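Only one chain comes next, encoded as C-alpha cells, the form predicted on its own.
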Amino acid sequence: MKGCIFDFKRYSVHDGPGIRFSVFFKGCPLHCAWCHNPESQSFEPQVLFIANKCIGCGSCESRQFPEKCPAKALEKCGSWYTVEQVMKRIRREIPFFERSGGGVTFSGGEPMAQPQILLELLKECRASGIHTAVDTSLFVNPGVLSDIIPFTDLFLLDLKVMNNERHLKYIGVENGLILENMHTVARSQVPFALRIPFIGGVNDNQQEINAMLQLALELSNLGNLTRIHLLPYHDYGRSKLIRINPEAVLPPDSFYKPSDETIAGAMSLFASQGFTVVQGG
C-alpha cells in the first residue's frame, strides 16, 4: 500500500500541541478559490516550473524529469510512500514528541481522500504511543470518517463558509456533508479545533461571522471544542499556482486580508462566548 505525499515538515508548532511532524497528503476533492497550497490539489506527483530559475539551456525536453534541469527550475512535487517509509520518518521524531507533548499531524490536501494509508498510519502511531492529529475539510464519506475517528487524538477542522450558495461558488461543493461530519466529530468526544480561513470579501461579513459563532456554540455543546483559529488571507498560493501552470487562472484580486479591526472584532466575539481564539496557527 502506498500513498502520495508532497511534503514532510519537522518542528511544526502550528498544527497541534507540542512539536509536530506534519505529513502532507497530495490530492483534494475541493477547489477553494483562494487555495494556499494549490500543489496539493492533484492526486498524482507533478513537476513544478520555477520560471525565475530557468536559464533557457534547453536540456529538458519535458517536465517529467526535474533532475535533468541544471538550474533546478523544475521541481518534483509528490512521491509515493509506503506506510513503513512514512513511519520510519515519524519514529525519528519521537524524542521531540516526548519532550514537548507533540506528535504527528496528517494534513494535505485532504488526508482522508487517501483513507487506507491514513488509517494504517494512524493505527501504527497509536500502537507506538504517538499523538495524532488530522487536519481535514471533512468533505469525506461518513463511513471513512467513522473508521478514522477511533485512531485520532485531535481533529483540526476547516470551517470555510457557512452560506451554502457561497460555499458552492467559492469551494466547488455544497457544505451539507461537511457540517454533518462536523457534528459526527463533535459527538465522538475526540477533541477538535476549528480553523477558519478568514477571507476578505468572502466570509468576513457579520452574517458569516455570526453563523460561524452559532455553529461553534452548537458543536461545543455536543463535544470537546478546544480552540478556534482565525487564519487571515494571504496570497502565497498565487506564486505556487504559476509554478504548476504558468497560464493558470489566478485567484481574484477581490480577495484580501480583512482589516485589523474586523479580525479583532471577530476574535472578540468568539472570546465573549468563552472560546479560546487565536490568530494564525
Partner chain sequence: MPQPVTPRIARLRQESFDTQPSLNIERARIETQFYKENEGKYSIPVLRAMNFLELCKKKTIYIGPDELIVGERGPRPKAVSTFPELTCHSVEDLHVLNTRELQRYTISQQDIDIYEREIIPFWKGKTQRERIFAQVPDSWRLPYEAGLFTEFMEQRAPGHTALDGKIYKYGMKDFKKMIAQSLSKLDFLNDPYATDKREELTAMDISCDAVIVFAERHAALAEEMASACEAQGNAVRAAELRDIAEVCRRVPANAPRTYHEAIQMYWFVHLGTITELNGWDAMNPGHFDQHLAPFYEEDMAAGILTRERAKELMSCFFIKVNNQTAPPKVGITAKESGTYNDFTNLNIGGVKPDGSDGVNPVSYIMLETIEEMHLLQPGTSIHISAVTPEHFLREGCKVIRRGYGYPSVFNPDVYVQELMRQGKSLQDAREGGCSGCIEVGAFGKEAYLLTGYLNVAKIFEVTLHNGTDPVSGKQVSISTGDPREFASFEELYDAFMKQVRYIVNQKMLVSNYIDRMFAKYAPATFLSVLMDDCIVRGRDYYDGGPRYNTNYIQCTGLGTITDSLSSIKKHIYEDGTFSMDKLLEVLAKNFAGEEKMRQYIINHTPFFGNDDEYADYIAVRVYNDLYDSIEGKPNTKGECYHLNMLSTTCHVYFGTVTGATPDGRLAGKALSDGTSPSHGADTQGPSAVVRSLGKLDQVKSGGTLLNQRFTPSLLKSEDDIANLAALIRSYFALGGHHIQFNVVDTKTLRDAQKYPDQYRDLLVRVAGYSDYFNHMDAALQEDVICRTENQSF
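Here, rigid core means the biggest group of C-alpha atoms that superpose within 1.5 Å across both forms. No experiment lies behind these values; they were computed from the predicted model shown. Residue numbers count along the first chain shown, from 1.
Keep in mind that the form predicted in complex with its partner chain is not shown, yet the notes after this line are about it.
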(request) Pick the stretch from 190 to 198, 70 to 78, 206 to 214, 110 to 118 whose residues have a heavy atom within 4.5 Å of its partner chain in the predicted bound form. (result) 70 to 78
(request) Sort through 158, 153, 124, 93 and report the residue having a heavy atom within 4.5 Å of its partner chain in the predicted bound form. (result) 93
(message) Since only the chain is shown here, I'm wondering whether residue 31 would be in contact with its partner chain in the predicted bound form (any heavy atom pair within 4.5 Å).
(response) no
(message) Please determine whether residue 19 contacts its partner chain in the predicted bound form, using a 4.5 Å cut-off between heavy atoms.
(response) yes
(message) Taking its partner chain as it sits in the predicted bound form, is residue 85 near enough to touch it, meaning that at least one heavy atom pair lies within 4.5 angstroms?
(response) no
(request) Report yes if any heavy atom of residue 257 sits within 4.5 Å of a heavy atom of its partner chain in the predicted bound form; otherwise report no. (result) no
(request) Determine the residues of 206 to 231 with a heavy atom within 4.5 Å of its partner chain in the predicted bound form and present them in sequence order; the list may be empty. (result) 227
(request) Compare the position of the CA of residue 53 between the shown form and the other one after a rigid core fit and state whether the shift reaches 2 Å. (result) yes
